[in-house]
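Encoded as structure tokens, the following chain is the form predicted on its own, with no partner shown.
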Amino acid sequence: MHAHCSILCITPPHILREIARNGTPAQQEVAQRTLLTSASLQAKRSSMGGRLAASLRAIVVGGKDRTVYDAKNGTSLPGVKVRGEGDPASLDPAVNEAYDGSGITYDLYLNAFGRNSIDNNGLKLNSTVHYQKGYDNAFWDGEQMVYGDGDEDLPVSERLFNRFTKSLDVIAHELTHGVTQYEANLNYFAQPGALNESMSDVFGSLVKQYQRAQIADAADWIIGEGLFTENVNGVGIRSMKAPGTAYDDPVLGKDPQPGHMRDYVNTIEDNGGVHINSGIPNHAFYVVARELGGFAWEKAGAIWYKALTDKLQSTSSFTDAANLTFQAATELYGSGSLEEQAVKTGWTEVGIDIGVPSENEGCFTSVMRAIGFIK
């Protein structure tokens, strides 16, 4: 594992900033506190650097091994153990959702891709629920999952977020940040960072589809389904099928995700737009899955998994991802195959041509070196 591993949160900062601008005083306070907490976690994480590798290696086991802890609205991690592998269900729904969600994620990776947990070496799946009070986020911290309870303390009429364990694709999205950490280790900045986010959306959606036994055409392709309360005009935080349409709300603003390179957002906020521009590779994957039909994890997922684990590197751009997923399709299914053509179609639909060298990699590499992401 490499030294740079950010605290990777599910709620995009642009949503929280909109709430901090447009919400009621109580909503503004929750959003501002969530933003501050995430920023302080990032700083703490950076100072820890590469020292996490040894502790991670120390907690690997043989097979599925889940433990859920309760932070009891504090910030000490992991908290008090409340459920271990094989223990009966808790009376607390958040505990059961964290336990079941990590188990379903483990099952998808094992059964579809032959992967043994996050690190492919039986890493224990530790989760902490009830982190802080009114924390509108969930995150993978490099070692474990952490979930906030959303706005449960606000009046019903002001609640925007449900508890974060309620959404299976959120759980799987965050755990997939761990898989990426152990594999391509995509730098969390600009296009590599947007690919990092996109990989989590891809496999987060696949876990939900796997749990529901849904074929690609039947899936909703929404990330964060069930996360918003009825007070929000939105279906989730992102749509892979139609980026930019997940929500349009007076308090949260409008979903800013592009679905094509012509609308790529150049920004220094959110680590160079990692939660915004991920809509482009997200939509490419959706098109590939749609073209191939059937269960999306079987072919489209296999291609993306091979690219993530065997081909992508920390500084890979969108063009690199297009070329490398195409290579993966060729290796898995043969030159001239339908699968290869589907990958080409997917990337073409978002404005990226297969076989074109990456123009951006040199620029990204120099920028990331300048800000200390790479040496």
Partner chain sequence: MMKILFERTGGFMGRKISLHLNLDDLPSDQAGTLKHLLDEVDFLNLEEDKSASLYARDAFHYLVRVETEKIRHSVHVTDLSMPAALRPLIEELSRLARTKNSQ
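Because the structure is predicted, anything quoted here is derived from the model rather than measured. Numbering follows the first chain given and starts at 1.
Only in words, not in the display: the form predicted together with its partner chain, which the text now covers.
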Any chance all of M199, F285 and K311 sit within 4.5 Å of its partner chain in the predicted bound form, going by non-hydrogen atoms?
no
Can you pick out, from W221, Y305, Y109, W140, the residue that has a heavy atom within 4.5 Å of its partner chain in the predicted bound form?
W140
Of E85, E269, D248, D92, the one that lies within 4.5 Å of its partner chain in the predicted bound form (heavy atoms):
E269
Examine E174 and determine whether its closest non-hydrogen atom to its partner chain in the predicted bound form is within 4.5 angstroms.
yes
Can L154 be called a contact residue for its partner chain in the predicted bound form at 4.5 Å between heavy atoms?
yes
Contact flag, F203 vs its partner chain in the predicted bound form, heavy atom cut 4.5 Å
no
Partner contact for N185 in the predicted bound form: its partner chain, 4.5 angstroms, heavy atom:
yes
Any idea which of 166-174, 209-217, 92-100, 297-305 reaches within 4.5 Å of its partner chain in the predicted bound form, heavy atoms considered?
166-174
